[in-house]
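To begin, one chain is listed below as structure tokens, in the form predicted on its own.
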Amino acid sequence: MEAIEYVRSVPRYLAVKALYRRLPGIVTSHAAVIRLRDVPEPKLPNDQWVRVHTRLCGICGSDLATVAAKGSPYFSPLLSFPFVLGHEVVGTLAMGTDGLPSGTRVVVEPALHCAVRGISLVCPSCERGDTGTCENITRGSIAPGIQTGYCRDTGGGWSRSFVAHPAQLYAVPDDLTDEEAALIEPFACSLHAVIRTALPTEATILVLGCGTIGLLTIAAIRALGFGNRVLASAKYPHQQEWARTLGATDIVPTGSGLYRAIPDATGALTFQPELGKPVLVGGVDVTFDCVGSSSSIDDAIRLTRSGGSVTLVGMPGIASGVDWTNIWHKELTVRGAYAYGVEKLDERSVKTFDLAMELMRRGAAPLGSLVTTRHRLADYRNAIRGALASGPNGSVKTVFEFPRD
């Protein structure tokens, strides 16, 4: 079957990393770290696992960072190569399992945690229900890998077929479309970030970046019932329109314009040091950084008031030029929010994926229209280049679609 495979090659990785900004087409060239090729369908690791046929699979920001060599090498020793990308996936079961008959439409929670790996003595993270941060991701019955789509044994959604453990599977209700189902995984990431962040009733919230994950974070804030003022930093007109539709109260600029807009919105005082960006006294109470760049991280800590909090939702790389004086002087709380697991909400415990589907079914998060662009796998070059330029292109979420058998 055809699949988009990531190949471990230090020379290719360094070439893409060095040349991407000047030659963006290198990410899908013959020098790229990915390739479209015929590969065998992945084998079932044991008789518990099942095969899933892909219907739709999204292109995630973390996939793009991997393909464009923009991320940190942090994960490289925790993965197994070569692997087939794709973890925002809705598919159809090719065989029945655990009460789910063959043909059931499913989404896959991609984390390859203790239960998936057949490890009975679970790690502290899995014991808490934080399966996204499992500490046994290099052990057990399958090869190392943080998620489906980053493990050589499981395959991924950028192919017609992959394998999954029953602990990863969620049946998709009939009243959710394939497009909505393909957004359950990234929406769960945003729900997890919002739930893990304290949001006092009067807090003013800033969402930096209105790509898919920024828009889903705004949607998560509203779907969870928070009525706070939400400032959305959105660069492109379609992002501004979506941010308003999903619940932002104010649209603010990106980049240097933030240092005029945030003081205007919050009454913060602005001072100009001898060098660098302005210093703010005051600012927003809570910032969600949904970009993860050096500049956005620095903006997030500069624009948040004393005692406030900053949550990193977007996948960061190795940040440079971040002035930590802001964190120290303003006693900020800075946290990461990665993946999902089991959330404690309204005196109940609920899996983030179940919560995402519950909110979508209730109409609290109308998200299906965020899937704006579809491509067949053979057209992967245009798909990936388009997703890397989604802002200028006017798109939000790009997916690969697969013909149904």
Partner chain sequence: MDAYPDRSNLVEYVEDDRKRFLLHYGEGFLFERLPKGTRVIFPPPPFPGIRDVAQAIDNATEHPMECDPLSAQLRPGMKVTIVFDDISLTLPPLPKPDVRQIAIELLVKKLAAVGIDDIHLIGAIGLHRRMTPGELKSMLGARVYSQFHASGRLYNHDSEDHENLELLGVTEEGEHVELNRRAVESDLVIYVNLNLTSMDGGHKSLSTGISSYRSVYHHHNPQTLAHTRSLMDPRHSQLHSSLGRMGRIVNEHLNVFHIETTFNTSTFPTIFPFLQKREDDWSALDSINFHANRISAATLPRGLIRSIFHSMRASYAMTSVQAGKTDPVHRSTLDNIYRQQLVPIDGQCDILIAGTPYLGPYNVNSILNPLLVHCLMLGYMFNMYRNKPLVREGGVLILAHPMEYKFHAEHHPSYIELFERVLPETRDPQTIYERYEPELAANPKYLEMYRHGYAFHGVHGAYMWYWGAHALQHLAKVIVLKPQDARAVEAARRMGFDTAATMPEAVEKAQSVVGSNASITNFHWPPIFVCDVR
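Numbering follows the first chain given and starts at 1. Remember, it's a predicted structure, so these values are computed and weren't measured experimentally.
Another form, the form predicted in complex with its partner chain, is not on view; read the next lines as being about it.
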Sort through 143 to 151, 115 to 123, 322 to 330, 259 to 267 and report the only stretch with a non-hydrogen atom within 4.5 Å of its partner chain in the predicted complex.
115 to 123
So which of Pro253, Pro82, Gly129, Pro278 gets a non-hydrogen atom within 4.5 Å of its partner chain in the predicted complex?
Gly129
With its partner chain left out of view, choose which of Pro237, Gly307, Gly99, Gly227 has a non-hydrogen atom within 4.5 angstroms of it in the predicted complex.
Gly99
For His30, is any heavy atom within 4.5 Å of its partner chain in the predicted complex, or not?
no
When the contact criterion is heavy atoms within 4.5 Å, does Leu246 count as touching its partner chain in the predicted complex?
no
Would Pro166 count as a contact of its partner chain in the predicted complex, using a 4.5 angstroms cut-off between non-hydrogen atoms?
yes
Examine Arg37 and determine whether its closest non-hydrogen atom to its partner chain in the predicted complex is within 4.5 angstroms.
no
Its partner chain in the predicted complex - contacting residues of 259 to 295, heavy atom within 4.5 Å
none
